[in-house]
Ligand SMILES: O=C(O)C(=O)C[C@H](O)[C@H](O)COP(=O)(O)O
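Next up: a single chain in structure tokens, the form predicted alone.
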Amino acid sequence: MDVVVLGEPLVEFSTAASLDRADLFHLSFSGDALNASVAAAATGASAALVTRVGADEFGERLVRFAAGHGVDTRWMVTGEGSTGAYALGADPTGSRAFAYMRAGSAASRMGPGDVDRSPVSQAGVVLLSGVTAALSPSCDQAVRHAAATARGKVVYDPNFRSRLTGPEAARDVLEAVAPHAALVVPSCPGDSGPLFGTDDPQEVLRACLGLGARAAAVTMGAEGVLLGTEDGSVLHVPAIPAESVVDQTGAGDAFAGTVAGWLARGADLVQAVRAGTAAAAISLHGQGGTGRVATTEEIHALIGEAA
């Protein structure tokens, strides 16, 4: 297996209006783990999602959706609890609000045993997230166990969500995972403010490397990505402007999943990050987390234009 993602896929109810006024919602499927695994599969990598879904119609549809996007669903098992869901109002500025319906969900009941039943230890790249760790104490343990068990490259996205966790708890997970990580991908200021108390990407880079990560890619939205490695090299990778911005939901997940896929297929870190910026730009054209998934051909075309 090239890429293994651990986390919770969600039923997504999205609308172009604000949540306090919307009447009509579009049903799809999203969640950071699903978005990232779909993006990884779109690179041509073999990508699996390790999770639990509820024994309900939404769970069945979610598995079919993932399979339809090239994700290996053998480790998407049915478990106790419902399939998680969330609603979002699309906002091109990125200042959107989420309403989660995932408390006690099937995926929140995952633990280290789910890691042991999966191909985490054999994967080329294992993609982990702070969202997954924040779902429950057992999920927190699963993320830490996956980081320690993985023999391939670990990519960690802190993906801080204030409705799920607090800064201290999120920082604790980051400190535990970073020494195992080939790459940490914090956003600035979304992750950096709560976790490091700064919106200076240089300081964020130094902090991540200081925690033991071998490399860090600090994503800065329209300002691009600041990429640094443990040997002291630092490179600014410019953002690729989107032709249009419909919704920013899932752009960071598209970045992380694409980077993981490219790394697993043999690309170097700079190539993988550039591909991730292209995938993120393309994802902005669609509504919801999986509304627009970049193809390999599109990524190559954008990277070529930006070179």
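When you see a residue number, it is the position in the sequence shown, counting from 1. Just so it is clear, the model here is predicted, and its values are computed rather than measured.
Separately, the form predicted in complex with this ligand exists; it is not shown, and the next lines address it.
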Item checked: Heavy atom of H145 within 4.5 Å of this ligand in the predicted bound form -> no
Note to self: Would you classify S37 as touching this ligand in the predicted bound form, given a 4.5 Å non-hydrogen atom cut-off?
What the structure shows: no
Notebook entry, point to check: Using 4.5 Å between non-hydrogen atoms, is V131 touching this ligand in the predicted bound form?
Noted result: yes
Item checked: this ligand contact in the predicted bound form: R102, any heavy atom under 4.5 Å -> yes
Checklist line | Partner-facing stretch of 178-186, 106-114, 194-202, 156-164, counted where any non-hydrogen atom is within 4.5 angstroms of this ligand in the predicted bound form | finding: 156-164
Check: Is it true that A47, V259 and G276 each have at least one non-hydrogen atom within 4.5 Å of this ligand in the predicted bound form?
Finding: no
Check: With this ligand left out of view, which of A41, A272, A251, A66 would have a heavy atom within 4.5 Å of it in the predicted bound form?
Finding: A251
